[in-house]
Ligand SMILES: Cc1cc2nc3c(=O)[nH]c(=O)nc-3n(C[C@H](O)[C@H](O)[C@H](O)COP(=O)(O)O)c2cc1C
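Coming up is one lone chain in structure tokens, specifically the form predicted alone.
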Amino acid sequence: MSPFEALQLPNGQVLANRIAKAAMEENMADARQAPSRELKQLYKAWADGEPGLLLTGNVMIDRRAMTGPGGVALEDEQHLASFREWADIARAKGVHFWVQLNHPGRQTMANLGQQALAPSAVALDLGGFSKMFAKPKAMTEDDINDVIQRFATSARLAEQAGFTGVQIHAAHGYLLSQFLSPLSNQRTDRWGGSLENRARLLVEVITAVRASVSPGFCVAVKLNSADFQRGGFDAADARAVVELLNTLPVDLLELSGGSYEAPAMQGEARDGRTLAREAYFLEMASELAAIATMPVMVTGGIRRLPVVQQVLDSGIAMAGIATALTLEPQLIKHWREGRDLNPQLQPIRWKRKPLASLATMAVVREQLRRLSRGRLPNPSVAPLLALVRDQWFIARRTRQYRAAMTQSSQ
């Protein structure tokens, strides 16, 4: 099939083509954790490139549980007008625009001053960088029920704001992914142990979200094809979870991989496997797509149109592109016009892989900030310079976040 062929989803909605702008963490909220003017400008640039689907970066269901201090949170109607403006800007040309809903669990930075929640009190293992993350507390039954309701509330608010769908983030080592992994979920109650129990939270969240929105509103899931850690969530687990999802009203399943501990989404595995330079997860995703009853999307390193075609030819319904669209936001439109573009960043091969991972994210966010100001990308920025700028930006936003949280608690 052609990358520019429409895709009909199970709920009847139609995506104009088979290429999505996949989620990237922008860290561009305003001081109230609402969408900023810069964030809206960024998504206007992407919408002008005519993707079949725009996915936001992390939108948090609880402002006390953030993946970063500049993250957007959607937990009540307080800033709904700003979310509505964001949706209107991105949907001006009819593009589907979905909110990626997330909770970080134990992947919460310690300097944000918040208590990290997790299925079990198992801290991240990042060597010397482990202390950067808050020590997690095992969640109570009330904590778990609160998370379920927060996902449902945020989805309902997203529909009210004019978004056309939500994606439930259950990948990359965040909270729902932590429940799925036997490494981070060591519970002995109904939320842990067997895979059915470990997947219970994801199933409950999907069910609650679907019940809180209209039938025409899209509900998607992002799932790891594997965690790429020995003893963790593996391909067999992923297959079993997909079979569970087949029984639920899921409109699109995005497959990715990795976590903070093993950043496979950046091309780095931790279990000895070597990932391809493009379409990292295609082989595993093709196997899962063969048993999935909903359309499947794969994301990870895709930057060339022939690779998009390879993805579709393998039985995958949709290709997600992230970093390449920070370098050329109108890439999809250019491809449609016949221009053979291949935007890419030079890999960062520092010896300390966690630091290289931070630098990679910093270089990407450098492009995001440039686009948000109406400027052209600069893929040749020095990684160290980008990292220093990004750490300064994060430090400033961290101070703002902590001050705001202190004020709101008084």
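It should be emphasised that the depicted structure is a prediction, and the values quoted were computed from it without experimental measurement. Residue numbers run from 1 along the displayed sequence.
One more form of this protein should be noted, the form predicted together with this ligand, which is absent from this view; the next part is about it.
Participant: Only one of 256, 185, 107, 164 has a non-hydrogen atom within 4.5 angstroms of this ligand in the model of the complex; which is it?
Facilitator: Exactly one residue meets the criterion: 256.
Participant: Could you check which residue among 241, 157, 219, 321 gets a heavy atom within 4.5 Å of this ligand in the model of the complex?
Facilitator: When this ligand is considered in the model of the complex, the option within 4.5 Å is 321.
Participant: Hey, of 134-142, 118-126, 335-343, 301-309, which bit sits against this ligand in the model of the complex at 4.5 Å between non-hydrogen atoms?
Facilitator: Of the stretches listed, the one contacting the partner is 301-309.
Participant: Can you work out whether this ligand is within 4.5 angstroms of a heavy atom in all three of 25, 57 and 364 in the model of the complex?
Facilitator: Yes.
Participant: Would you please decide whether residue 177 lies within 4.5 angstroms of this ligand in the model of the complex, comparing each non-hydrogen atom pair?
Facilitator: Judged by the heavy-atom cut-off of 4.5 Å, residue 177 is well away from this ligand in the model of the complex.
Participant: Even though the partner isn't displayed, in the model of the complex is residue 181 close enough to this ligand, meaning a heavy atom within 4.5 Å?
Facilitator: Residue 181 lies outside the contact set for this ligand.
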